[in-house]
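Taking the form predicted alone, here's one chain by itself in structure tokens.
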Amino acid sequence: METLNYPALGETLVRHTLSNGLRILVAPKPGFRRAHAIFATRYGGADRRFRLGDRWIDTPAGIAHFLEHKMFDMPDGSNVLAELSARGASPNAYTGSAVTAYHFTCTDNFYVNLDTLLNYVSTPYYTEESVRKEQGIIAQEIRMYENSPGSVGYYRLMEILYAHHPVRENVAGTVESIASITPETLYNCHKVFYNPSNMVLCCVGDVDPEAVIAAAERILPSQPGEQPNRDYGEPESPLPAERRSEREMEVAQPIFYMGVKLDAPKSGADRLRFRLLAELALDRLAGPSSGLYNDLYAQGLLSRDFGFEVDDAAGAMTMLIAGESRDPEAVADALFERIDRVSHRGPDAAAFERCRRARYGMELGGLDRFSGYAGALFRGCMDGWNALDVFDLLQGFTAEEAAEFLCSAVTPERAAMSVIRPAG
């Protein structure tokens, strides 16, 4: 067991790896009643093709999300969610392109709830009847996505940005793809991806790291499983597969999703630093305190329903900008014009420094938002970086570096736009 101390942050992080390969991270928070635990596997919607031994295995789109839904079924017929809720816990789960995570927050009965979490995530139980029932439930969920302008706009953007990388597909799959899922498929995927050596357990709160480790040793399998070799296809071009997509749906005014493919380092601290730089540069360019955002808002080209992020999953990193606008093309033109202005006039160092300090403060405040803190811990562990290294990295960025990033990485040639226009 390794203990890392961060006096400047007032934080301690305990790390340990079991003999079965499970990585455990505990951030003790003495004096807090609330505690959060998250048990996550490096398995998401993009992990459809993988190799075990000498054979390649292809699985249906939506299998990881389907498996997440079915993990709450237990052989004795008990309802795990009801059991956790009855003890005052708030349980939930989610599936992304690269991870599936199961978690709960509670103020009492933490160790009993932790036992339940570890037990149900490590106990697969699927029947033909329950799979057929779930296919109907998830088919309804998929149809809801198909009628959601936000979901349609986002996934259409990913489809035109990426030629073949599976991040272009809806994590939930399609009605047709989930129809081919069987109990055998689910058992096989659980065996491969839910083995301890492919998982991370994170706990944040006034909890005892040794007790957390003991629970994992007592409940989980003692041996590591074989690590799958994932296949996301041939390397993508840095340019989008297509530049433009338009759909008509029932919306009051056009909704746009603009994306730029980023050529980031493969993993580790270098990838974390690259993503942080991209996020800072984007905040300086189009954040709520930027001249660009305020000019476009004053012209009626943007509403307050405007946002941006850097999406990093399954080896694909994408800069996303989205919102409502009566003229999405004018917004894109203004964005690239502002980047061109930076390349000629140079960056505003004082404005960048405000963005950097604000981000540092946001990250510092996040240490008391236990679910987000635990999420950052497990993602960093899976990707080869330490979430608390963010604070040192944020100290080193400069306005010149952010400006250079914008001018080299965010160009019209690398961008694509998906627009949802009002029907008729």
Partner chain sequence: MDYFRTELAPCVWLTALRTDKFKTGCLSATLLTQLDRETAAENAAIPYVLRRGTASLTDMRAISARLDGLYGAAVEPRVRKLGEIHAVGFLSDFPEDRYLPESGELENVIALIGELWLNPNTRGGLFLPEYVDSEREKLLERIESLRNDRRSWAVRRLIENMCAYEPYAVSALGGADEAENLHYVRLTKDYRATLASSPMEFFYCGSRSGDEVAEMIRSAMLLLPRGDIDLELGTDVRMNAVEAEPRVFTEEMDVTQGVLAMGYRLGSCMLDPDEAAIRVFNAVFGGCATSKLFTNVRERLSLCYYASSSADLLKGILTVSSGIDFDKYEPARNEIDAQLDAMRAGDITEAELSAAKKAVANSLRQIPDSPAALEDFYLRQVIRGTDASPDDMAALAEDVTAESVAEIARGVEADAVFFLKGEDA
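Because the structure is a prediction, the values reported are computed rather than measured. Think of the rigid core as the biggest set of C-alphas that the two forms share within 1.5 Å after superposition. Positions refer to the first chain, counted from 1.
Another form exists, predicted together with the partner chain; not displayed. Remarks below refer to it.
Novice: Looking at 263-271, 95-103, 78-86, 218-226, which one sits within 4.5 Å of the partner chain in the predicted bound form if you count heavy atoms only?
Specialist: Flagged stretch: 78-86.
Novice: State the residue from 238, 307, 149, 183 whose non-hydrogen atoms include one within 4.5 Å of the partner chain in the predicted bound form.
Specialist: Spelling it out, the residue with a heavy atom inside the cut-off is 149.
Novice: So which of 188, 343, 289, 123 reaches within 4.5 angstroms of the partner chain in the predicted bound form, heavy atom to heavy atom?
Specialist: Contact with the partner chain in the predicted bound form is made by 289 alone.
Novice: Wondering, does residue 8 line up within 4.5 Å of the partner chain in the predicted bound form on heavy atoms?
Specialist: It does: once the partner chain is placed as it appears in the predicted bound form, residue 8 has a heavy atom within 4.5 Å of it.
Novice: Taking any heavy atom pair closer than or equal to 4.5 Å as contact, tell me whether residue 250 reaches the partner chain in the predicted bound form.
Specialist: Yes - in the predicted bound form, heavy atoms of residue 250 and the partner chain come within 4.5 Å of each other.
Novice: Quick one: does residue 55 come within 4.5 Å of the partner chain in the predicted bound form, counting heavy atoms only?
Specialist: Output for residue 55 is no: heavy atoms all beyond 4.5 Å of the partner chain.
Novice: I'd like to check something about residue 303: if you look in the predicted bound form, is any of its heavy atoms closer than or equal to 4.5 Å to a heavy atom of the partner chain?
Specialist: Judged by the heavy-atom cut-off of 4.5 Å, residue 303 is in contact with the partner chain in the predicted bound form.
Novice: Even though the chain is shown alone, can you say which residues of 367-398 have a heavy atom within 4.5 Å of the partner chain in the predicted bound form?
Specialist: Heavy-atom contacts within 4.5 Å come from 367, 368.
Novice: Following rigid core alignment, is the displacement of the residue 396 C-alpha between this form and the one not shown equal to or greater than 2 angstroms?
Specialist: Moves: no, less than 2 Å.
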